[in-house]
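First, one chain by itself in structure tokens, the form predicted on its own.
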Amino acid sequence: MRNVQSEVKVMRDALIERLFDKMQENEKIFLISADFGAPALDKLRENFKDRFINVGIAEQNLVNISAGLALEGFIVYAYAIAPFITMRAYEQIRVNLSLLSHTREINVNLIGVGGGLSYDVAGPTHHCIEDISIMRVLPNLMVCSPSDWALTEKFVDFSINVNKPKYIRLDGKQLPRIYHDPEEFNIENGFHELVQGKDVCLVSTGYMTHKALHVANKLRENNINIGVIDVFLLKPFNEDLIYNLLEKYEHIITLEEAFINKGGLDSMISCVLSNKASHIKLKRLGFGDKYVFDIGSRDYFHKLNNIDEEYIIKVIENASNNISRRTWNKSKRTYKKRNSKAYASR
């Protein structure tokens, strides 16, 4: 089990610092901002004045300029707050990136800071629980959802070498490191099994992977071993590869700071199970069909929407109890069948 309480860092800082190093090596890289700063950005802006552009509070123009630069062969990172870059500029993303990338190679990387409930106290206008669904629906657009800053750094290297439009969804809070060995997983697989378990598995993305690991740690103390799979590439998605992991479990529980039943992580896993004609039970945990207008912390919103640790543990315990009952009933049926055959043969 991993120690998830060390090396705390903000994802956007890790990404900008990694980009700074890459911009020193590669003169084709541009960073475009929609009047959105960060402490780590000051050094980059000062050193690369010819390849940093602030377009102002104009996310639609941010995408237009990024697409134009990409058509000239540049590698572009468009940097803004997640709900605004995805929803305010959705038509521009659809036309200038998704449609255009069918005919031309363009490397535009949309960096959305504040996925899920990162901006918890800012209210529903700044919450971003629609982005996974709406960005996944666009053809030829990759959707990336790293769970920690170390994985975010790895996505920078990945994004430079893949000439496709991408949406990279970053959490806005400081988070501890999950991944310690950069060679322990293949980013192109799209997921990584962080904890091997038995019977029940949590499949999560982004911030919720931290919550999944906390839950797994708590249950481990009570000798309940559950699996944890972190999904960091939400599109494209290797169905065969992930099913090879899922098929050893009886219950799958998806965790996401997003609407459920609307094309997000839960829908992806549901499609995998359906396409494989699997009998694995699926439970979806996320946001229902409503916005939250209360003012409070992230944990408070999680409790309101039944994605807090206490509720997740209750769901897991119910699943485990159902498995135990089925196993017991199956054993009884096998026992009766065996004994009835023995009796009939007398």
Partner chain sequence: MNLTDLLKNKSLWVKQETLKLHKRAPGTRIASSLSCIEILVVLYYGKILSCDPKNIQWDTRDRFIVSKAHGSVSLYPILADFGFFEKEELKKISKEGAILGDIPDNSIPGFETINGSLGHGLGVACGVALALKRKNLNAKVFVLSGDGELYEGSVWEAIMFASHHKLDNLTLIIDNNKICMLDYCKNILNLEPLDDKFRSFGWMTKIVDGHDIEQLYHALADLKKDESNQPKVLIADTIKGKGVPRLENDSLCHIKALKEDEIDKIIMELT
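Numbering follows the first chain given and starts at 1. This is a predicted model, so every value here is computed, not measured.
Just so it is clear, the following notes concern the form predicted together with its partner chain, a form of the same protein that is not shown.
**Q** Is there any non-hydrogen atom of G68 lying within 4.5 Å of its partner chain in the predicted bound form?
**A** Because a heavy atom of G68 falls inside 4.5 Å of its partner chain in the predicted bound form, the answer is yes.
**Q** Look up in the predicted bound form whether E72 has a non-hydrogen atom within 4.5 angstroms of its partner chain, and give yes or no.
**A** Contact check for E72: yes, within 4.5 Å of its partner chain in the predicted bound form.
**Q** With the cut-off set at 4.5 Å between non-hydrogen atoms, does D289 touch its partner chain in the predicted bound form?
**A** Output for D289 is no: heavy atoms all beyond 4.5 Å of its partner chain.
**Q** Could you confirm whether L99 comes within 4.5 Å of its partner chain in the predicted bound form, counting heavy atoms only?
**A** Contact check for L99: yes, within 4.5 Å of its partner chain in the predicted bound form.
**Q** Each of I168, I187 and E193 near its partner chain in the predicted bound form, meaning some heavy atom within 4.5 Å?
**A** Result no, not one residue of the spot touches its partner chain.
**Q** So its partner chain isn't shown here. In the predicted bound form, which residue out of E91, D240, E247, D157 has a non-hydrogen atom within 4.5 Å of it?
**A** When its partner chain is considered in the predicted bound form, the option within 4.5 Å is E91.
**Q** Exactly one residue in L282, A58, I313, L44 has a non-hydrogen atom within 4.5 Å of its partner chain in the predicted bound form; which is it?
**A** Only one listed residue qualifies here, and that residue is A58.
**Q** Counting any heavy atom within 4.5 Å as contact, can you tell me which stretch out of 60-68, 291-299, 35-43, 304-312 lines its partner chain in the predicted bound form?
**A** That would be stretch 60-68.
**Q** Of 26-57, which residues get within 4.5 Å of its partner chain in the predicted bound form if you count heavy atoms?
**A** Contacts from 26-57: F30, D50, I53, V55.
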